[in-house]
Each structure stands twice: as C-alpha cells, then as structure tokens.
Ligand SMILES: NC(=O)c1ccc[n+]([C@@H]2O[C@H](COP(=O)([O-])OP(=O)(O)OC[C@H]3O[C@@H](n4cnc5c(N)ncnc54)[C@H](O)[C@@H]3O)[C@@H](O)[C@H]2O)c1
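For reference, the chain that follows is the form predicted on its own, supplied as structure tokens.
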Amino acid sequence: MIKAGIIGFGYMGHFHYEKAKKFDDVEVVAALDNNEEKLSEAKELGMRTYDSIDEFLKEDMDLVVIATPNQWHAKFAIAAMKAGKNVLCEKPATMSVKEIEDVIAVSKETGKFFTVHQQRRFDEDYRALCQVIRSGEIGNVTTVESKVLGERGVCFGWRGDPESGGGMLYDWGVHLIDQMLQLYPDEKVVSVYARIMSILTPAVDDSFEINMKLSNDVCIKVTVTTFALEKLPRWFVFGDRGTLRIENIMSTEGRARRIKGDVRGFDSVVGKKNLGPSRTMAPLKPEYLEEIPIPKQEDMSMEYWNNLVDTLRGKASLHVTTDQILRQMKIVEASFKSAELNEVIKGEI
C-alpha cells in the first residue's frame, strides 16, 4: 500500500482525499490541522489526527499532501522531505524564488520528490488550444490571450489575507503561467510587463494583467479579474492564417476560422468601392473562409493523480518537475517586480 497524509484538511485537503480514494493501493492514514472541526472530520474518515507537525511526520507515509495557506508550503515541504516523505504541494509552490530554491535543494539532498498540483495542464479547453496551435491550422501564432473572469469581486477566506499569500496572482496566475510555459516549453520568456490591481479587495490583488514576450516573438497576454459582469472568451489566438477562440474554461465550445488556400485578405477588396466605412477593416466574403472544428478532448481529470501514483509505484516520472516549478515562480516574481516598478522586466527565463 502507498500511505499518504494530508496537512490542511480544508476544501483542497478533502479534494485530494477523494482523489486518493480512487486507487486501491493508496490509503490516507493521517491528517494534520489546527482546526478541531477538520480533525473530527478526518477522524470520522478513519485517519489518525494530529495538531503537531513533528508528531504527524513520525507516521509511516510515502507521500505528504500539503493543502495549507500558502505561507506554510515551504516550511512543511522541507520538514516532510527531511522526515523521508515525498511531497505533493498545492499551488503556488512557495511565496518566492528563494523559498522554492531551498525546497529543491532539500529534495536533492534527501532524494524525495517535490511536486505541485498543476492539474490545469489537463483541462479540456487548454488541450484543445494546444492541439489547434500545434497543428499549424491557423498558421504561425503571433498572440495568445488567456482570460479568467469572475463576477463576485471577492477573494474568499485566507485568499484575501496578504500574510497567508492571498491574491489572484498566487491563486490563478500560477495556473495560467504554467499553461503558457507548457505550451512553449522550449522558448525563453524574454520580457515581462505586469499590472497588478486591488480593485474591490484592498488587502490583496484581485485583478492582474501580464504580458510576456517569448524568444520566438509570440506575445502571451494573461488577464484575471474577480469582477467582470460581461464575458470575454477564455482563449483568443491570432495566427497569420486564422483566428481561434474558445469560450469557456473546461469546455471546447468556440470556433476557429482561417482563410482558404492562397487567399490573401486584400484579394477580396481589389477593385471594390463600396465595402462599408473602411476597405482596410472590411470583412472577407464567406467563400474566402473556412471553419476549423475545435477538437473534442477526452476526460483527463485524473491524469495528474494517475501520474503521481505511478511515480510512487516506480512506473513513471513526474509530469510536474522542480525545474518547471522554479521557472514558473521566476515569472511570478518578475510580474510582482514589474508592477511595483511599472517597468518591463527583461531577461531569459
């Protein structure tokens, strides 16, 4: 049996418990929390419960799942690996590049793995986007826009507390940055410019915009806000032969269109006088266009955990590696710095 323990038995702690239950050879044996109600819930589910990290880590466990507020991630990860446990940590990995470098050093020192729950690599909308872009059907991509827009205007619970590592850049930003880095894994991020705002939640950022330029000249635009009562598409992609839009998160609803064959945009306006207010912005005739179906995707909602368990069994290597996590955290840190200085941060990340 693979034995696991959970630190922080709140919403995400319960989420990981339910995932672990799907495997016949995985047993969650222990839980650590400072909330008596959560410990009672864990005890009812058959776990041994602790309110001391030292006592918890004496348990015989192969894996420790960290689902606490963000400021505890590095401390608990280091303690768990030094106690001989592998670690699955909720995102963000840590609160800084320095912290993740410390975590990676301990992973190398102990030989225990550290990975982060970057499960949105397997979302249907994202995988459909990757498939269309990599197919070349819309030509060479120039710009990828990624947007997640909420309506409530609030950061729930500890996510509204700056000391706990609250805010949308740590919450949603790390997912969306990770997706972009996986879309173009061999390209460097050569510049970062960010605007980070506290619009309705004064204590932490509830909205942000990040612009990244890659070494292949593709521009990545990531936008998140908790308050938008009109929607924009989840994804919008410009290519030099076509355009892609995907409407919703976890959905392949949308469309892609491209110009046919050797058609060029100006071919349809040559010799024409009445094309509306502008020949430059006049629409193409329908016969010059063709629609590309958005490819349907299989359900891969268990892929992250399948890979994790196979790694623990010695049958696979981790999907989410420490070098990827470090790169992602460097982008997060560059974004905070850019917003603070109102400057473009240049380099090769």
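No experiment lies behind these values; they were computed from the predicted model shown. A residue's number is simply how far along the shown sequence it sits, counting from 1.
Keep in mind the form predicted in complex with this ligand is missing from the figure; the text below concerns it.
**Student:** If you check in the model of the complex, do G8, D33 and W158 all have a non-hydrogen atom within 4.5 Å of this ligand?
**Tutor:** Yes, the whole candidate spot contacts this ligand.
**Student:** Have a look at E209, D102, E187, E90 for me and say which one sits with a heavy atom within 4.5 Å of this ligand in the model of the complex.
**Tutor:** By the 4.5 Å heavy-atom cutoff, the listed residue in contact is E90.
**Student:** Quick one: from V28, I294, L63, A67, grab the residue that has a heavy atom within 4.5 Å of this ligand in the model of the complex.
**Tutor:** The residue in contact is A67.
**Student:** Want to guess which of 214-222, 139-147, 69-77, 239-247 is within 4.5 Å of this ligand in the model of the complex, heavy atoms only?
**Tutor:** Checking each option against the 4.5 Å cut-off leaves 69-77.
**Student:** Indicate whether Q119 is a 4.5 Å heavy atom neighbour of this ligand in the model of the complex.
**Tutor:** So Q119 counts as contacting this ligand.
**Student:** Given that this ligand is not shown alongside this chain, does H319 nevertheless sit within 4.5 Å of it in the model of the complex, heavy atom to heavy atom?
**Tutor:** Result no; H319 lies far from this ligand in the model of the complex.
**Student:** Give a yes/no on whether K85 approaches this ligand to within 4.5 Å in the model of the complex, heavy atoms considered.
**Tutor:** Looking in the model of the complex, residue contacts with this ligand do not include K85, since no heavy atom lies within 4.5 Å.
**Student:** So in the model of the complex, does any heavy atom of H175 sit within 4.5 Å of this ligand?
**Tutor:** Judged by the heavy-atom cut-off of 4.5 Å, H175 is in contact with this ligand in the model of the complex.
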